[in-house]
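Before any questions on how it binds or moves, here is one chain, the form predicted on its own, in structure tokens.
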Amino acid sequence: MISTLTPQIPKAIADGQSPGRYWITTFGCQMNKADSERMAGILENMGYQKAITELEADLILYNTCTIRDNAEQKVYSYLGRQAKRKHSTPNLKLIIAGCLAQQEGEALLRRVPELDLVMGPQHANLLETLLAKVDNGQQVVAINENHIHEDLTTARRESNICAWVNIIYGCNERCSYCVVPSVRGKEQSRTPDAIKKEIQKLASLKYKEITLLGQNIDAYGRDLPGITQEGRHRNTLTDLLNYVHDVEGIERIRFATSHPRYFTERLIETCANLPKICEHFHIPFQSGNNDILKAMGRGYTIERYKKIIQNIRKLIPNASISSDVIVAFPGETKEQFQHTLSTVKEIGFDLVNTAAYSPRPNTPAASWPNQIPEEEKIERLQELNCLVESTAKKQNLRYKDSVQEILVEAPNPKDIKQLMGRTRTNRLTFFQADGPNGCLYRPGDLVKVQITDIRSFSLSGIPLK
């Protein structure tokens, strides 16, 4: 998935001279999108203006992903085009940031010597300092482990309605297939006060929804000091939700991504009791077979996972559940793959992000001899995707003729007479901008919509008075 940041009026610098125009392309996850917003804010505070097109930019930054091999290859394709351009435009600044930058480091300079700056995700807040070195003629590589500073006020958000709020960086897990801990570093939790101040600032800017972000968000706070008399950490995700819930002006709160190993009943109870917490949970299960889960190093059984879902649906019956799944993990038999299909059928997910296993550098599973042939990977992925689509549509049937509260996010880019937004359960929904009695709805409005049309991954409806 790739997103590009949209234009915004830049801040003027003291002498009134802009250092040029910038373009950021973001590959990968929500964490990368949040990092790109922060780096865009830094560039605009430096006086850079957002370019209308990539080819007009004087500074190009690719914020990269390395979770799958195809994500890497796409980055190299983009880099190749800009490297050629730099031969005729020598003043072009070419930057690669994010997880691929962290993984490859100086090797990227050997592969693409036209690069000016290679920077890992822990250095996003230091972009201005690193660019000063580039302006002094240096070719810079910044991938050393770095403490992430509380410096998030310059973020230039993609949306004026919904905002990402990072609460924990890095990951201490050691899943045998995953490169994230080596490229994103150790867990670093932000303090509850810093998080709340950022949310209060967003509320003052009329944001309506926030999504708390972390690679392993349920691990929030375990690196912060403080133990209760009951022997638990004083600053857990549950405690944080209680702490930030009542910020005036914020209508909805979401969080992602959860790890089944740390997902507690106390958290579920809190989500059920706090009205602003949306009824949507993204909890990857990765495989429906316990032997594969053990080989993955996930730290839970599929029975444990199903129990979590049962507890959610017991306390929050209308909750939507989304997940991540990897097929064709090394050694996965056809029978074990069927266990994954059975899990998808049994649980009835609203959405599942699917992927065939992709060997990643410096991960244990990449060197195992029992790799699955590519053609088998493709077949399993296609079979799973068909099931996911039918399951999603079946789950969406529960919305037919119901009235849902939609937070309007933007006009539908394919039909400017329509608006689009999401239900509290995270279902993308479309409806006409002109409501009854001459009412004209706008982004930021909370609108009651009666659902009329059901698709696998979106809904349509009619706005009510």
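Just count from 1 along the sequence shown to find any residue number. Note that the structure is a prediction, hence the values are computed from the model and not measured.
The protein also exists as the form predicted in complex with ligand SAH; that form is not presented, and the subsequent description refers to it.
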- Only one of K93, H123, K208, H259 comes within 4.5 Å of ligand SAH in the predicted complex by heavy atoms, so just point that one out. H259
- Exactly one of P192, G299, G105, P284 comes within 4.5 Å of ligand SAH in the predicted complex through a heavy atom, and that residue is P284
- Message: When the contact criterion is heavy atoms within 4.5 Å, does D223 count as touching ligand SAH in the predicted complex?
- Response: no
- Query: Can you check whether A272 is within 4.5 Å of ligand SAH in the predicted complex, heavy atom basis?
  - Reply: no
- Close approach of T343 to ligand SAH in the predicted complex, 4.5 Å, heavy atom: no
- Task: May I ask you to check whether I67 falls inside a 4.5 Å heavy atom distance of ligand SAH in the predicted complex?
- Result: yes
- Where, among 111-119, 324-332, 305-313, 384-392, do residues come within 4.5 Å of ligand SAH in the predicted complex by heavy atom distance? 324-332
- Task: For the heavy atom contacts within 4.5 Å of ligand SAH in the predicted complex, list the residues of 350-372 involved, in sequence order.
- Result: A355, A356, Y357, S358, R360
